[in-house]
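Quick heads-up: it's one chain on its own, the form predicted on its own, in C-alpha cells.
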C-alpha cells in the first residue's frame, strides 16, 4: 500500500504540474461554460413564464449546466493527456517499471481533479455573484461542489478509458462534439415534463446527463430532494466505476503488450 501511494503521489504531481502549465486547458474550461450560461440566461429567460416552470429565475435553473459543461472539458483533457503519453512512448517506459496500472490512472486523474475543484468553486461563486441562490443553504452548496467534482472525475475516467482503448489524441478530440451533443439532448434548458416533442423527452429521460444536471439543480431550486440526489450520485458512481475500472483493465492489457 505504501508503494502504491508513492506511485500515485509521483504520477499525480506530474499530472497536476502538466495541467497547471497548460493555460489552454484551464482557461477554456472556466470561460466557455460561464459565457454559455450568460447567453442562455439572457436568451431563454422567457421560458420562466411557462406554466409549471420550477423557478422565476432562469439563472438558477441553468447554473447546473455549467458544471456539466466543465466536466466535458475534463473528459477531453484527461483523454488527450493520456493518449499523448501513449503516443510519445511514456507508457512503454512505464511498462519497464513496477508501477501499477491503477496507480497510473489515479495519478493521471490528479490534474483533472484539481481543475475540477477549481471549476466547481468558480462556477458556484460566479452564479452566486450574479444573483443565483441555493435553496439547500451552505450545506447544499457544499454538496454541489462534491457532486460537481465527482462528475468531472467520472467523465475524466471515461476519457482515460477512451484514450487507452484508442491510443490517439485525435480520436479523443473527435469525440468532443458527440459528448457535447449529449448535453443538449438532456434536460439542460427545459424540465423534462415541459418538453413538448415526444422524441426529445424520451431521449432526455434515458440520457444519464439529465440526472446529473437535475441532481445539482435540485439543490439550487428545491432544497433537499432525496430522489434527485440519489439518482445524481447513483449515475455518477456508475460512470466512475465503468470509466476508471475499464481504463485500469484496458491499461493492463496495453502494458502487457509493450
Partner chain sequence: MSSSTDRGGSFVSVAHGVAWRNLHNHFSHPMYYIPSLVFPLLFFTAFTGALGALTDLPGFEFEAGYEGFQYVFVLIQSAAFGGVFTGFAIARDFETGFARRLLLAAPNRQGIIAGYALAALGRWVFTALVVTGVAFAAGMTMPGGVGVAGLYALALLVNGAGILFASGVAMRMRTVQAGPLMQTPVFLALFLAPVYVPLAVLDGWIETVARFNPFTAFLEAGRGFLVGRPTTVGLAFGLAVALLVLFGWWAHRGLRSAESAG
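Residue numbers count along the first chain shown, from 1. Worth saying up front: this structure is predicted, and the values here are computed from it rather than measured.
The form predicted in complex with its partner chain is left out here; the points below concern that form.
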Candidate stretches 151-159, 174-182, 110-118, 131-139 - the one whose heavy atoms come within 4.5 Å of its partner chain in the model of the complex: 174-182
Among the candidate residues 189, 207, 55, 225, which is the single one with a non-hydrogen atom no more than 4.5 Å from its partner chain in the model of the complex? 189
Contact label in the model of the complex: residue 229 to its partner chain, heavy atom within 4.5 Å: no
If you check in the model of the complex, is residue 26 within 4.5 Å of its partner chain, heavy atoms only? no
Does the 4.5 Å heavy atom contact test between residue 30 and its partner chain in the model of the complex come out positive? no
Please check if residue 233 has a heavy atom lying within 4.5 Å of any heavy atom of its partner chain in the model of the complex. no
If you look in the model of the complex, which residues in 40-58 sit within 4.5 Å of its partner chain (heavy atoms)? 40, 42, 43, 44, 45, 46, 47, 49, 50
